[in-house]
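Taken one at a time, structure 1 and structure 2 that follow are two forms of one protein chain, written as structure tokens.
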Structure 1
Amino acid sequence: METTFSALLEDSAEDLYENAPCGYLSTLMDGTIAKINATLLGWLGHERAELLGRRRFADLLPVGDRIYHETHFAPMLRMHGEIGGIALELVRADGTRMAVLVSSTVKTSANGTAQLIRTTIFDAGDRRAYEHELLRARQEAEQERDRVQLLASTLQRTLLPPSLPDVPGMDVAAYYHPASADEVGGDFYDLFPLTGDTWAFFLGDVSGKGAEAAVVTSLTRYTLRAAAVQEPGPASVLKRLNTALLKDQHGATPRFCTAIHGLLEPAEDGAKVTLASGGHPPALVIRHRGAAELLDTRGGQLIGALPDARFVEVELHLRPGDTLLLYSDGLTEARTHGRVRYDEEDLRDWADTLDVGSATETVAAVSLLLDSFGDGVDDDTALLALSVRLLGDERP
């Protein structure tokens, strides 16, 4: 016991410095090497005389690291008086490289003047190899994520019309905001011509998100498009969709949706609209220079849940400047700044104060409203607005 202790005492500070298991380096403030230990000299393969007073610390670095040293390391060290755990490489006398972790502190005199820089250097070969692996894995994950986002956005585009058709005498506008760039949203809308002067439109929301939801959205869109041509009115179109979704129920996740589907017939004095809702939030009518009202379609049931679902059909007339707005619950269930849920009555009261005369202005106003909620919008949001064009002299 006593002999071990005295052996420890004989381990002089000088020997500890020279042969420590890490490199020690002291430099002047300009980086000129003033002192270096045997361990570091051994790693580098340099003679002491080659370095002392003749080379700077940055001279031991490869060029890329030298730039990093000048632009990051040295400024940080000057500002903070210390810097730690920086991954660099040293160039050995034979030109080979060695991965190291470097920490430095500035030694100041009693009056606060910076005198020299003390640096410790650890061999980090194994650690750097491991970090390279981590880095590679992260890069792969980032690429993977880019691919998923590309896939989601491409699939999303196939589920929405690339642009809305021109409807004579009408202004039409739509908006779609997916809640996440990684997943296909569950909201959908469309507007397309039927025979003669009639146009069909729909907007809805399928349960769930992602690939499963995309399958239901696709089925729903094609069914609605086909049924709109064949069935006599919106309520029977939704019935067809109900049957199609019920037939398609296999697998663990039930497939249902909410939707509003309607027919639009532009006329001399405006447009006639017939629409039916299946469990969807009520459409909003914003009368030109008048009040906003929610269309009462209560009683319309969720589509794809019950065999004998009921759907409620209503009719309305749009006059010049009137706007019909369909929206999904991404809007009416958004959390406002007070963190309370926005709801349909809030939307109506807000629309009451709006002074808009076209679908385009309405959609622009609602998208600003959505922006104002910031991260309060946590679901996909779709908007579809239809308005009868004002005659030139009626523009506000």
Structure 2
Amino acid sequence: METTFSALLEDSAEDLYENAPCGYLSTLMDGTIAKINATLLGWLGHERAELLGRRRFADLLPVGDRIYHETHFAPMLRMHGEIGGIALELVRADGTRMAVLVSSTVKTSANGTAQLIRTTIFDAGDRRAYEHELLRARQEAEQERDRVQLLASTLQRTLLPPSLPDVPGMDVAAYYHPASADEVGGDFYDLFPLTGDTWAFFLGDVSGKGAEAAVVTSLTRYTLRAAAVQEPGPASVLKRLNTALLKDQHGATPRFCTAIHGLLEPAEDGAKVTLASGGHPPALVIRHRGAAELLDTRGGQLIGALPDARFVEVELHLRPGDTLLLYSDGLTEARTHGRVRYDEEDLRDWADTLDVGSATETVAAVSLLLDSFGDGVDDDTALLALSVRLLGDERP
């Protein structure tokens, strides 16, 4: 063992230089090649006599790298005396290219005069291949993410009405704020005509996200639409939905939601609204002249969880300029001011400061409020607002 180890130590400095696992190159200050090791010659496919005193280091580079060498590499080397880890390519004798990492140092005399440039060159082919593979994998991941986001947004649009109908004497507006571009949320809303001058509307939030939530959302929307035509009032409609969700339960994942359903009857002096809530955050009434108020629907239970769930029904009158705002809990569970929860009372107090007279203005203001929370909004948020037009207010 000792004999073998000693034999290894007897390698000559010249042999270590010539056959090092990297390329060595010495040039004059103008770049003319003065010395080159066998390793680099083997990589390039040149004979030593072809290069020594005949070629400059820059001559071994392709055009783009040659320009970089003259405009950046060489000036930085002259300024600092050394430069390291620069990714370049060398052109072999057969015209093919080799990716390398180049480091150079200026050797000076005792009086500080620059004498020559010593350059070390490492084969970066494996690293370049790894970088290309990494880039390819990243591009594939981005393409897959784009595909998932496109599917999610397309599916989300099918779960919401493409537009809201015109309601005589009313201004209506809706908004959907997705918390994630990658998942389908469970928030939903709708507004549609019934017989006579009565309109039905609802807004709710299905538990969970993704494909499972989309299935429950679809079932919920169509059940509410069908039941609104047949049942006498909002509370009865929510009971019908409760029965439908209980019948549709299967597997370990429960299917339930919260929702507000209402009837709207426009009149000459405003509009009559009848609301029923099932476990949903209270609707907000923003009076044109007067304080904002949260409608008391406490006692309305989660839909799809209990066979004999109880639902609370209330009535109110909207006067010209008044707005009824429905929202999902992505708004009132947002975090702000050091991750403090933004609750219903905060929303009511904020609404008191608004100077709005229409549903459109209200939804625009709330959407800006959501944007101001930034990443504090970690759940989807749906908004639906209904307001009575002010006298003389014309549709834009």
Partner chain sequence: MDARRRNNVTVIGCEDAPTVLLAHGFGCDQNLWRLVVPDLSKRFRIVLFDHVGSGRSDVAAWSPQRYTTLDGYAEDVLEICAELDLRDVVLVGHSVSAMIAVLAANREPERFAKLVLLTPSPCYLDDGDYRGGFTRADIDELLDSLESNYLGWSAAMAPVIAGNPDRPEVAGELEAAFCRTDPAIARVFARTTFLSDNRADLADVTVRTAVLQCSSDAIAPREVGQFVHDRIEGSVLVTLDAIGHCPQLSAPEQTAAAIAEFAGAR
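Counting starts at 1 and follows the sequence of structure 1. Remember, predicted model here, so these are calculated numbers, not experimental data. We call the rigid core whatever largest set of C-alpha positions still superposes within 1.5 Å between the two forms.
The chain appears twice here, and it is structure 1 that represents the form predicted in complex with its partner chain. Once the rigid core is used as the reference frame, the Cα position of Tyr327 differs between the two structures by less than 2 Å.
Remark: with the core as the superposition reference, the CA shift of Ala364 between the two structures stays below 2 Å. Once both forms are fitted on their rigid core, the CA atom of Phe73 lies 2 Å or more apart between the two structures. The Cα position of Lys107 changes by 6.9 Å between the two structures once both are aligned on the rigid core.
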